[in-house]
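In structure tokens, the next block holds one chain alone, the form predicted on its own.
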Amino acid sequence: MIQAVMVISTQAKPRLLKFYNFQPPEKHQDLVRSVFQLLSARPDSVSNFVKVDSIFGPGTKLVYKHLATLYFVFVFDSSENELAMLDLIQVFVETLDKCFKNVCELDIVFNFNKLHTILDEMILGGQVIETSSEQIMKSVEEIERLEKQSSTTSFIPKSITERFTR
């Protein structure tokens, strides 16, 4: 099971935190700090897989990808495959690239709702539900279309609005 998804900047600022098992909000910053200290101390030439028993509990692993100014981190237990998690990070980043046309940190900061929507289309309750970037994009576009449609829908009858717009 996936326990957490984090996107952390190289300045240790959390850009996305999603926990699939309960973590008290007071502990979030400590977890981010611990993960960042661990990742920032690692050279680029080492493996992207880390055992994090001391941070998240026994049997927990972390896989990460460092791209530009961001660390994309997935924390999971022994029931998940490490390479599948690395591939899932790649799908997540590819989907973000399709969505934002070459994603950068500012896209993530200013479009966090879309970021959460993409993640929710991929992972539900710590279980992977979709791995196709195209399918995820279709779902996100449909959600955006419905949101736009609902925001333009008026609950006031047209005959009444016409009287006041003349």
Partner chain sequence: MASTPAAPAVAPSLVDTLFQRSLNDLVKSLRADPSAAGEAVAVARALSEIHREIRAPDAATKSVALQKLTYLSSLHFAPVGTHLLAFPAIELLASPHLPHKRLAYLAASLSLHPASLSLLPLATHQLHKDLSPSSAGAAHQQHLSALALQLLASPAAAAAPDLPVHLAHDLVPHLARGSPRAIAAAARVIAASPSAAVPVLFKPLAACLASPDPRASTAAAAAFCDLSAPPADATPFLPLAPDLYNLLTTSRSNWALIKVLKVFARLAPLEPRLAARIVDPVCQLLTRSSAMSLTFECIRTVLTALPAHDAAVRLAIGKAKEFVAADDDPNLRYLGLLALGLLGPAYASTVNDCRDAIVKSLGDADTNIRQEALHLIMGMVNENNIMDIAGMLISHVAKSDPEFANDILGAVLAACGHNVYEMVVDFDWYVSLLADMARTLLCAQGDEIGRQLVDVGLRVRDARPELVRSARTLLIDPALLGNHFLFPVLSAAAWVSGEYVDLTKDPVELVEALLQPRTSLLPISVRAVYIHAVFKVITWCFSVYVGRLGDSGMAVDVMFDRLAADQTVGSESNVALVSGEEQDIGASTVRKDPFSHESILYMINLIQTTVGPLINCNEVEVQERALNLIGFVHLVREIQELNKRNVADGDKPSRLEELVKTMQTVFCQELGPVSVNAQMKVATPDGLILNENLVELAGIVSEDDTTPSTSIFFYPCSRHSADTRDELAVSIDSSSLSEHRKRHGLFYLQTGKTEDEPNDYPQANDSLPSSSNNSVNDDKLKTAELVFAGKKSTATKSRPKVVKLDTEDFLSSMMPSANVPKEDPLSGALRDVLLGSDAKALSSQRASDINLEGMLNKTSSNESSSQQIENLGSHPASRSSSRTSKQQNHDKEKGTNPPESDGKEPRKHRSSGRSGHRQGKHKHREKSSTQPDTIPQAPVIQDFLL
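A quick note: this is a predicted structure, and the numbers were derived from the prediction, not measured. Positions refer to the first chain, counted from 1.
Absent from the display: the form predicted together with its partner chain. The rest refers to it.
- Proximity of 34, 68 and 98 to its partner chain in the model of the complex is absent: no residue of the three has a non-hydrogen atom within 4.5 angstroms.
- Not displayed here, its partner chain is approached by residue 120 to within 4.5 Å at the level of heavy atoms in the model of the complex.
- Within this chain, residue 130 lines the site of its partner chain in the model of the complex, having a heavy atom no more than 4.5 Å away.
- Taking the partner from elsewhere, residue 94 is found to have every heavy atom lying beyond 4.5 Å of its partner chain in the model of the complex.
- Among residues of the shown chain, residue 138 is not one whose heavy atoms approach its partner chain to within 4.5 Å in the model of the complex.
- Residues are counted as partner-facing when one of their heavy atoms sits within 4.5 Å of its partner chain in the model of the complex; in 38-57 these are 42, 43, 45, 46, 47, 48, 49, 50, 51, in sequence order.
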